[in-house]
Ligand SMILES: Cc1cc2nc3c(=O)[nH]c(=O)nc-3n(C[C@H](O)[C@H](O)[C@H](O)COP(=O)(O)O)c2cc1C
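In the form predicted alone, a lone chain appears below as structure tokens.
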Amino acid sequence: MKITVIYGTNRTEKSSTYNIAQQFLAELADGDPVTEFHLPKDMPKFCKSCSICFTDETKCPDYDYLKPILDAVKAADLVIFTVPVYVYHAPGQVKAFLDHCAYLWMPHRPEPAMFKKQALIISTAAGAGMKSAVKDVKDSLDFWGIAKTWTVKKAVQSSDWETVTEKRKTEIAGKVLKTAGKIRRCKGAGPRLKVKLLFYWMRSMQKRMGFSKTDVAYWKENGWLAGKKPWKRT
């Protein structure tokens, strides 16, 4: 299974989310390519609100940072996001990356390959906030068209993986095995109902009013306004 990992921080060995991601890689990679990115190192820029991506994403001032990450996402079967909780939400660098991907949202120019992928969001905190941190990322993945998104959330009661109790590590290992099994069984499956409904809703909007000439032309080019579906094999 080809996997792309987007780590929400530059921390590695001491990070709980990083270590949980490594467990998933051990279960799922099967010798296939794994591509890893760390934020903010690999995307240090904030969106400048120029809106040029809605016309041509290659003219984004930060496209040189964005392109390698999105190329790896498009090539992957599974995309993993690690999202440690910062003040009850995802880290700012994760939001900064997702802000650059607004043009990939379904009202605009979603990538057809996204509708055949799975994603996994791993979130930990010393106490609470995992639900809202996961939602910060999952909202984008749903509107990208990701077929199925899994989540692993755990309060680890520590800021350092080395000091997480063995009991909690055992609980996490069990969750990893269970979720990895679900991911394997769903490989190649079509999108869940929510993603399909979002697509049909956006198709209706494009037919009735369109969001821009660029978006309408893109939908026509893909045949979606004529009834084709991005998750169907051609």
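For every residue, the number given is its place in the sequence shown, counted from 1. Just so it is clear, the model here is predicted, and its values are computed rather than measured.
Just so you know, the form predicted in complex with the named molecule exists too; it's not on screen, but the next bit is about it.
Stretch-level contact analysis of 105-113, 84-92, 144-152, 71-79 against the named molecule in the predicted complex, using heavy atoms and a 4.5 Å limit, identifies 84-92. Heavy atoms of residue 156 reach within 4.5 Å of the named molecule in the predicted complex, making it an interface residue.
In the predicted complex, residue 23 stays away from the named molecule, with no heavy atom inside 4.5 Å. Although the partner is absent here, residue 137 sits far enough away that none of its heavy atoms falls within 4.5 Å of the named molecule in the predicted complex. Using a 4.5 angstroms threshold between heavy atoms, residue 220 stays clear of the named molecule in the predicted complex. For the three marked residues, 1, 4 and 182, no heavy atom of any sits within 4.5 Å of the named molecule in the predicted complex. Scanning 122-150 for heavy atoms within 4.5 Å of the named molecule in the predicted complex gives 124, 125, 126, 127, 128 in sequence order.
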